[in-house]
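Next comes just one chain, in structure tokens: the form predicted on its own.
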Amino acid sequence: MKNLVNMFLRKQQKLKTINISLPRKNQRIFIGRNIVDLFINESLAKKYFNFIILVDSNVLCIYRNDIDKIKKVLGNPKIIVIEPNEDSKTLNFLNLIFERCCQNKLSRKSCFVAIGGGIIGDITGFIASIYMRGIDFIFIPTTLMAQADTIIDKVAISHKSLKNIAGSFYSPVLTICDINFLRTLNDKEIAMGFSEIIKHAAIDSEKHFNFIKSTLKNNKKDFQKYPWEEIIYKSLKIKSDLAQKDPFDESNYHKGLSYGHTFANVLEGMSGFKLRHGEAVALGMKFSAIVSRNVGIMSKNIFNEQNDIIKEAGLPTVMPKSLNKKTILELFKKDKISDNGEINLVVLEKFGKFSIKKNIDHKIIKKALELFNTI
């Protein structure tokens, strides 16, 4: 098998790999073009007892021939088609999937395969983490967001208005980021993915932030020309490094990945999950930047640079005006990053330097909400 993979790698000149060591799983990520065959080779080499494929309904329509090929090679496993919305990320829907698992006699030596965006990955990962106390799963992300912010060490589902409130520290054993999937995405889907790319750049370094900024400005009208392998590789390297330093989210390294996400979770929940995750993250980064300014750690220049790149990516910087401040404060307290009824938030001093601001005064939160659409 090693020789087969090496032969494949030689044919793929631009193929990039990331190897991640985590307490429960070692994860390998491959980033390149036309690499679905690599997934098939790797899966067969593991000699799993059987598979279940969970696929995004939209992806099935567009790539039915490819999925039929995968299904045939893997021995015609059961396919579960999932609608890519937050209604699918619930315990009720998971019960239906558990029934299918039992009917198809999945064992500890079986494997889940997720093909689709982040919602499909989260659902599959959460099930894999708890079914028989954990079995392998493989992820083939098909959206920019799911590739540039792919699952590393965390999977989750939501409950009512609480985004990703139930979860596990768990990873796929293999992730295949095939750039070819991005060709079928429209401009809005690309913008959604850039929210996470910008977040990773902001918490990593000024150099990487400027690389993303120049990429957006120089190729604004043709995202097909973007150096996707490099963008996605760097984004995932940033994420994987933080996850490996702090796999159980105890030392504040991993929490850096929540930059912009605390307020994003609040917004998504209050909208009944009608607001897209990418839009919410963009608004969440602006909110965290306003708080960072108000507590005196972020310069006006850094704030403006972040705001400009969010706009450049086609993401929103204006918040719905009908939000109830009292509800916002209560949801803040229930977020995963907060504790003891306090409001905690990832704040940014400059690009590459984040910290966790704890027990933020409610007046600061309210002031940031009042200023949001005026700056």
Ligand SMILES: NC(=O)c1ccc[n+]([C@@H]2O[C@H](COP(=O)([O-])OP(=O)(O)OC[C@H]3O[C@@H](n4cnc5c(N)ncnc54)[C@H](O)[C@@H]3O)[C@@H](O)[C@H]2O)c1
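Computed from a prediction, not measured in an experiment: that's the story for all the values here. The first residue of the sequence shown is number 1, and the count goes up from there.
Absent from the display: the form predicted together with this ligand. The rest refers to it.
Sole residue of Ile232, Ala191, Val113, Ile151 within 4.5 Å of this ligand in the predicted bound form, by heavy atom: Only one listed residue qualifies here, and that residue is Ile151.
This ligand: the contacting residue among Leu267, Ala289, Ile198, Val155 in the predicted bound form [heavy atom, 4.5 Å]: Spelling it out, the residue with a heavy atom inside the cut-off is Val155.
Among Ser251, Met298 and Ser355, does every residue place a heavy atom within 4.5 Å of this ligand in the predicted bound form? No, the whole trio is out of contact, none within 4.5 Å by any heavy atom.
If contact means a heavy atom within 4.5 Å, which one of 204 to 212, 299 to 307, 80 to 88, 99 to 107 is the stretch that engages this ligand in the predicted bound form? Answer to the contact question: 80 to 88.
Even though the partner isn't displayed, in the predicted bound form is Val59 close enough to this ligand, meaning a heavy atom within 4.5 Å? Result yes; Val59 sits at the interface with this ligand in the predicted bound form.
Can you work out whether Lys71 and this ligand are in contact in the predicted bound form, taking contact to mean some heavy atom pair no more than 4.5 Å apart? Lys71 lies outside the contact set for this ligand.
With heavy atoms only and a cut-off of 4.5 Å, decide whether Leu185 touches this ligand in the predicted bound form. Yes, Leu185 sits close enough to this ligand in the predicted bound form that at least one of its heavy atoms falls within 4.5 Å.
Flag Gly256 as yes or no: does it have a non-hydrogen atom within 4.5 angstroms of any non-hydrogen atom of this ligand in the predicted bound form? Heavy-atom contact with this ligand at 4.5 Å: absent for Gly256.
Going through 130 to 151 from first to last, which residues have a non-hydrogen atom within 4.5 Å of this ligand in the predicted bound form? Thr142, Thr143, Met145, Ala146, Asp149, Thr150, Ile151 sit within 4.5 Å of the partner.
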